[in-house]
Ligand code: XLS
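Below you will find one chain, with nothing else, as structure tokens; this is the form predicted alone, and questions on how it binds or moves follow later.
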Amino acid sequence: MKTKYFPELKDTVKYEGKDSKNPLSFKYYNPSRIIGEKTMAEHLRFSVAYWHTFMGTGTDMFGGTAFSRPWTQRNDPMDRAKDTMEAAFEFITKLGVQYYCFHDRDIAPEGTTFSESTKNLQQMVTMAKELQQATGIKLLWGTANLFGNSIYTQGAATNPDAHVFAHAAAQVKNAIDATHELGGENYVFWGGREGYETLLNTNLNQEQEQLARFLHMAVDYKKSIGFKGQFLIEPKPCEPMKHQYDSDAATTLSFLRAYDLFDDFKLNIEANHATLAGHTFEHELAVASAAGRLGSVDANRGDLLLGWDTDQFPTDIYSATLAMVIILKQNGLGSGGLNFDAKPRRASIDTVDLFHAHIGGMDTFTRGLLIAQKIIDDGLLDQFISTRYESFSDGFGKQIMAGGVTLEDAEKWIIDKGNPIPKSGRQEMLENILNDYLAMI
């Protein structure tokens, strides 16, 4: 195996079991192990995020570049892009992951004109295609960066200038083309600046109509070229915009229903975006799944003491377990997967830290998978929930759900039956049961 940018590993990361002291090994993730009816690899469908892992420089809002990567040393932007892609496939191969994800501007530098940017992207897609064929690595999803360039300061699809709207549409067209050519299994729309700062200069209805028109154009183009991948939307409440139109799962689902887009999109739920919206990760997953629209996951976490998108690698087994229960109950993510939209901390400056970070995230979700499967197999929590709602399964409750009960009927029934007797939700007992499961794996 080629060792050019990551000399710390000569071969792929191996599964060595939970007793291993080797920090560059998996303690729980064994890709070929069968859980239920699928292998771990089939359940989890791990993906590496190109932007954080290979393009990240360690910058934050208070400081500049902290990382010096060996693939970013050449002066010419296209040379750097080629070195970066070579490094990316070396890393992903050594990590033993099936998939990667990218923005168009991650893999190819933006040119001075739109045509130059398009040409750069086409060249890098050719290189990516060759590397995919050589390694067997696949593209989970592609997307367009419609937030980095200063022309998108006031939005892309929701920009008040039709010229900017057209530029964004053309850029998305090329990003879909790239994803299609590389066999991408999904395409993501993240409205990084699709929102507003103040109502003093905003026609909110106009902007949402523009966004809907933009998405319909994309759906039409997808059909015209025969792209079979799933379209995904990734909700986020704020940052960089104060109010975003895809602020959480429920808002996004309502938008899709309102504009006749519901059947064309699923949601890509990110853990850190959920907490920024004031929700838990599992809440957002549950809302999307209940609507039949949970398509993929950006696996990371935020820092609850900080008010911005910190994009840390997931280490919370409790949260990962609840997430995997939801995913297993809907029989997986289909064409989606668990993409590590996460970055090492600013002080984690070595390339080996990228391995440590991904290994930890993969083992965290693997433990979540193992515990979730045990919870589902045992059925204790499902039985409690079923019993809690059993009054709606027969009698007057069943009549209510069938739509045969009026307010007058309810009044007569309650006069006859008397006041209800409250029943305990047993939350503490259930939390204790979950903790017992966490201790098993």
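Keep in mind that this is a model prediction, so the values were computed, not measured. So that there is no doubt, residue numbering starts at 1 and follows the sequence shown.
Quick note: we don't show the form predicted together with the ligand, though the next part is all about it.
Only one of 82 to 90, 268 to 276, 316 to 324, 120 to 128 lies within 4.5 Å of the ligand in the predicted bound form by heavy atoms, and it is 268 to 276. Mapping the unseen interface onto this chain, Asp341 counts among the residues with a heavy atom inside 4.5 Å of the ligand in the predicted bound form. By the criterion of a heavy atom within 4.5 Å, Thr143 is counted among the residues contacting the ligand in the predicted bound form. Interface membership of Trp51, defined by any non-hydrogen atom within 4.5 Å of the ligand in the predicted bound form, is confirmed. Using a 4.5 angstroms limit between non-hydrogen atoms, Trp71 is distant from the ligand in the predicted bound form. With the partner removed from view, the residue among Phe231, Phe214, Phe281, Trp190 that has a non-hydrogen atom within 4.5 Å of the ligand in the predicted bound form turns out to be Trp190. Though the ligand is absent from this view, in the predicted bound form it lies within 4.5 Å of a heavy atom of just one residue from Glu185, Asp363, Glu194, Asp298, which is Asp298.
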